[in-house]
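Here you get one chain, nothing else, as structure tokens; it is the form predicted alone.
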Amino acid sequence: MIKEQSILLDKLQGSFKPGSEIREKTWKMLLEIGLPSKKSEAYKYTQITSILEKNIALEVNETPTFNKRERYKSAGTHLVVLNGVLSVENSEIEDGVIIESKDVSEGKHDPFSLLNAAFCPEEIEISIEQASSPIFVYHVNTIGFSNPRIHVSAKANQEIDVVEKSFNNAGTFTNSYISFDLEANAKASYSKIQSYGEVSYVHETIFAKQQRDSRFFSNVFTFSGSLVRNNITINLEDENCEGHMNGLYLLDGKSHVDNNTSVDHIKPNSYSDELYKGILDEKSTGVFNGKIYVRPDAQKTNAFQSNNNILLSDNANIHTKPQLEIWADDVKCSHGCTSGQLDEDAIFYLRSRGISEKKAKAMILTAFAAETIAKVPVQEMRDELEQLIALKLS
């Protein structure tokens, strides 16, 4: 990464409050490496730093409130996070679920994770003592620059499901970070709906670290937002691990969504499967940059990656770049991408049976998206996704 003088970092300098050793260390590292510049390959199609400099007023500050009607009705733990701080009075915590608020424990080395570690008000730790219902997390972000941070621990032989929803005010920049630590034979799933306002800017980091025989599932669905960048990383650090990434972006207007994924196979006999689908209309833009690494010791690896897109407008754009880097010789790996328009033959077939053109297109697109919805473990969230897709396609 090429460091370039950043107006945004200059603005943030005045807001930085030295505190813990980690906070000061991460801020110093960020100043050394800088935020992504126009020459940064990882942000080639998403000029996030310059966009934020032009559009974000850091002094925006409103008192956050949470409308309980926005909650899922499912049984489970419901956590409300207001501008990065856990609101105990608005939350409901089931027996067997342990929630702690503490100082940031570490900072990863990519710029926005460092930025989060330097500015987040508290790190929310989630763990369980026994099998439980899903854990629902609701973020309300009303300040110009917010940095919510969550760490989830899945102990040996445990199963844990986390579902997130965010509510952002117009003109805000949310830089969130959620990490998962899976011990032996643990299973964890993470599901999120991203449905932001037209003037909302979001950078989200999802990081999972896995031990032997563990399984991790990520499901991210994006419907709107001026700029949304998702950095998703899975490290398979031991044998017989499974990592699954699943995503759908259904965009219109001038929404810009960038999914940057990484799966690192470090030990033998691991498996990863990645499926991202996009439906883009009007002047929207999608970016998919997926990487699979297979290290020399990771023999018997099975890794698959697919990105499929349908463009509904001549003004919509997709930039897709699936990548494999393999240093082992006894593996099964594949990657691929497709981009195109709706199948006219399929539309004609449906219209010949009395279905209107509009309904025919909606049926085809709904079927295209259905595979991603089926992977979500919480029924109430699947119901909401079906409603959002139907609303978008109507």
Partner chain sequence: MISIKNLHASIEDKQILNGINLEVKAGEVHAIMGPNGSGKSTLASVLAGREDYEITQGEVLFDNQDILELSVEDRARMGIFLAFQYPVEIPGVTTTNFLKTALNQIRESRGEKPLDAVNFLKKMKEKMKLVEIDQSLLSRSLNEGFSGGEKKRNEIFQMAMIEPRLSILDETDSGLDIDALRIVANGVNTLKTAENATIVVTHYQRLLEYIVPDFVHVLYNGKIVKSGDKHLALELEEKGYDWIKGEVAETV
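Residue numbers count along the first chain shown, from 1. Small disclaimer: the values here were computed from a predicted structure and weren't measured.
Heads up, the form predicted together with the partner chain isn't pictured, but that's what we're talking about next.
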For this session: Find the only residue in 58, 331, 42, 363 having a heavy atom within 4.5 Å of the partner chain in the model of the complex.
Result: 363
Exercise. Which one, 352, 338, 65, 341, lies within 4.5 Å of the partner chain in the model of the complex by heavy atoms?
Worked result: 352
For this session: With the partner chain left out here, work out from 49 to 57, 363 to 371, 66 to 74, 31 to 39 which stretch has heavy atoms within 4.5 Å of it in the model of the complex.
Result: 363 to 371
Exercise. Is residue 348 one of the residues lying within 4.5 Å of the partner chain in the model of the complex, judged by heavy atom distances?
Worked result: yes
For this session: Would you please decide whether residue 325 lies within 4.5 angstroms of the partner chain in the model of the complex, comparing each non-hydrogen atom pair?
Result: no
